[in-house]
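Alright, here's a single protein chain in two forms, structure 1 and structure 2, each given by itself as structure tokens.
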Structure 1
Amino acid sequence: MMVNDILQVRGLRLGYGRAMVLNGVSFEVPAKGLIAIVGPNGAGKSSTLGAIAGGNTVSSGTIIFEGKDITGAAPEVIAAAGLSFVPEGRHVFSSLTVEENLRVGTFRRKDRNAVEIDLERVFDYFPRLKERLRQPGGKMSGGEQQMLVIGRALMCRPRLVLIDEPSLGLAPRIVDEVYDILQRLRTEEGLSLLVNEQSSRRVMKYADEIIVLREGAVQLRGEPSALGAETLHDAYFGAGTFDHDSAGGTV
């Protein structure tokens, strides 16, 4: 347990009804780090992020954010503590304008006078949002919606942001744009990030550490440069499935 870990997840277990979905997941996110959880569909990635953000009920395990135990806390309490969550499917408030979407998370902030400054900063990162302030959130393209929900999370002034599959359904060019901005947010704002992706391909370049999740358990963790294609593939699909002739494909 490192002192400079902003998030520590210990032995997380949860299920929906009878079947367990997470069977003791542990990892940590260092301050200002970008950690990526990758794994096949149904591995439990979304369940993990949802549990950290207070959206899923945990059966056992602990979640420590900035030294405080937030296990079982209400989502709004966790958000107010400085941990923002961008769930899968984006969840733009379609009947609210872009500006209202951005402001929803600001009303409980103590530093109300910094809100306008933060809004300008968000426009700095996502200039396209500024041109669409009065437009209903539901009328935006997929890429714009992804930018809106990341901007919206930033308006809560978080120190850690969880993002579930930011590249889902986006054109490769937009995905690169999104990741470049996440990278900037780390270096310029000192933000810590925990990102889910189905494929490791995209995040290899950006992540400090890759966590491979399959069947509700961490199969492999390591720096991207230290993970060989075969170990990564076996962790992702199960041991012995790596095909040497085709080099296994990318996961």
Structure 2
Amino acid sequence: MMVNDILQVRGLRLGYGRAMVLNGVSFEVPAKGLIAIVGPNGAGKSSTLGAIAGGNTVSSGTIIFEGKDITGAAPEVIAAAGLSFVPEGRHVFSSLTVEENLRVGTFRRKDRNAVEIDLERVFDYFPRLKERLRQPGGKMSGGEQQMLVIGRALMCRPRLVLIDEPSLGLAPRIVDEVYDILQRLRTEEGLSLLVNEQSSRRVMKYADEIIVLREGAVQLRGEPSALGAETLHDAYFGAGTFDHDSAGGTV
């Protein structure tokens, strides 16, 4: 493991019954880096993040976080170690207010003064959440809910955040706003990020490295500036048009 890697995944295999979903996936996430995993539906992107976060049982392979083997550890143990997971679908607690949603992740913390400081820190990055503090999470727009679940993850004081499909169903300008905030978190907080996306168009702008996953295996990886559209197309689909943007939903 390189000194500057916060996460190292080696030979990750995962299956459901006889069907293998991941077939020896390996990659690293450098400290303060943003690594993007892209690929078509069914490529194994969500399964990869779920395995790292402890939600999926790994058949074989190792997951090393900050020098410690967390393979097979319970999700709450992994979260307490400093790794937060934002799953696909913006899982907010609909009947709870924005503030209550944010505080959900802090119930195990005993440093209550620090919790208040962290809450204000989240509001600095997501001022819209402060404006809607008493509003139920279920009444917010899709973009606001995405900000809420990322803010909730930050309340756990993570050093690495896994985010599954942050642009899904959101208007492009909202996606850009979310990614701009993620970039600020990297530079201002030293946060490391591993992001899953179906489309690579937007992450080409932000990621340090792109990993193309297809059929449960890494097909290609490299810096965005070094990956040409044709090469990405072949790795991503094998056929069809690569220049596809899945972020064209609503706010």
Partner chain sequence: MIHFLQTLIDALSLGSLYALAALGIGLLFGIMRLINFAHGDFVALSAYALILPSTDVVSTLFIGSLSWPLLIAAILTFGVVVALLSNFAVFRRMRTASPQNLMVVSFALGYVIQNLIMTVYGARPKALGLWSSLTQVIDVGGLRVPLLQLVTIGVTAGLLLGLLLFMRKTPFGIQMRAAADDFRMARFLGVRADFVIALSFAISGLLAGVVSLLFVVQTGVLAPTMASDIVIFAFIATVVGGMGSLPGAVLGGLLVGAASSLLQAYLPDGIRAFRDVFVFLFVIALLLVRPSGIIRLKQFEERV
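None of these values were measured; they are calculated from a predicted model. Counting starts at 1 and follows the sequence of structure 1. Between two forms, the rigid core is defined as the largest C-alpha subset superposing within 1.5 Å.
- Here, the chain labelled structure 1 is taken from the form predicted together with the partner chain.
- After superposing the rigid core, the Cα of residue 173 is displaced by less than 2 Å between structures 1 and 2.
- Once the cores line up, the CA of residue 109 ends up 2 angstroms or more apart between structures 1 and 2.
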